[in-house]
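Okay, here we've got a single chain as structure tokens, the form predicted alone, with questions on binding and movement later.
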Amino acid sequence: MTRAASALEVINAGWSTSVQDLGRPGHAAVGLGAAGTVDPVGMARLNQAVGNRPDAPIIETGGGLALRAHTPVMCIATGWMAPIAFGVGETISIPVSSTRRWSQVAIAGGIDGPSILGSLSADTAARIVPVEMIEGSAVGLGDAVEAAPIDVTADVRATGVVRVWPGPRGDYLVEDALTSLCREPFTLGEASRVGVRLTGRRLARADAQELPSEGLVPGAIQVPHDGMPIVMGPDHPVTGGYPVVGVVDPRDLWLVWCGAMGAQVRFVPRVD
């Protein structure tokens, strides 16, 4: 059941805007990745702030998004201190952030649309887009309200370090893979939902040969020939031939995926 078939109108789609939830895991064997939100904890916090279930679909954007309300809506976005009510005809604007690559927008009721394999998540690699987020498109809202809104807007998660697990191909580097990854910080470079490039000290490969394609998981750290690591994002391919020398702990993926271009991350071995 939807509250309105066209509760919101996309005035400006901004950069890489999409609808996301927890994705559609479990289909890698047939070549389909899970996709899903870049920050599950952030999504849950914002959803609960407007009374939604923690897993209700939200909007994720790189900024520049503008939505016009065609019905009264209550929403909250990354960085807002509290939910804001918007009346008919008012515009919800999400600018580009200088501190975060992706911003999230939760709307009371959640997003409604035709789910594909149980999810509304857009998958840029597989070109699955259950809900279009392009100029002029209409976005319906659902009834994903669970309870009265609660104050969960303060993000108290630790930042600064990224825990990393050993990868299956650590022997492809000249020195121990975790030692190489953790020796000094890396800088977040170009990124999409497929992956994030890191810049900094090049990781010297002991073996220049590529591998037959192997399975990948979110957060897998691949090292191509140039020695600059790539961290797999939510829309990563399900297989790849570059050696995986480490895997970012799922709890810290948001630091890599959401960090602003130019920000630094330091890897530390996962010990707990």
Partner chain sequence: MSTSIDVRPMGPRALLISTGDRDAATVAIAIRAQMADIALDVVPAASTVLIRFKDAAALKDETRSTLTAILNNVPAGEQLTTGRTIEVSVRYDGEDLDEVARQLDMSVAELVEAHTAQSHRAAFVGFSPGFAYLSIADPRLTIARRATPRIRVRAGSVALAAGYTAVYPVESPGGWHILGHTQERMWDPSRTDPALIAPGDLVRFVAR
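Not measured: the values here are computed from a predicted model. Numbering follows the first chain given and starts at 1.
Keep in mind the form predicted together with the partner chain is missing from the figure; the text below concerns it.
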* Glu210, heavy atom within 4.5 angstroms of the partner chain in the predicted bound form -> no
- Query: Pro218 near the partner chain in the predicted bound form, any heavy atom under 4.5 Å?
  - Reply: yes
Partner proximity in the predicted bound form: Gly262 to the partner chain, non-hydrogen atom cutoff 4.5 Å
no
Next on the checklist: I'd like to check something about Arg169: if you look in the predicted bound form, is any of its heavy atoms closer than or equal to 4.5 Å to a heavy atom of the partner chain?
Outcome noted: yes
Report yes if all three of Glu9, Ala66 and Ile92 come within 4.5 Å of the partner chain in the predicted bound form by some heavy atom, otherwise no.
-> no
Note: the partner chain not shown here; in the predicted bound form, the stretch from 56 to 64, 25 to 33, 38 to 46, 199 to 207 having heavy atoms within 4.5 Å of it is 25 to 33
Checked Val131, Cys182, Val145, Ile116 for heavy atoms within 4.5 Å of the partner chain in the predicted bound form; positive is Ile116
In sequence order, the residues of 242 to 260 that place a heavy atom within 4.5 Å of the partner chain in the predicted bound form are Val244, Val247, Pro250
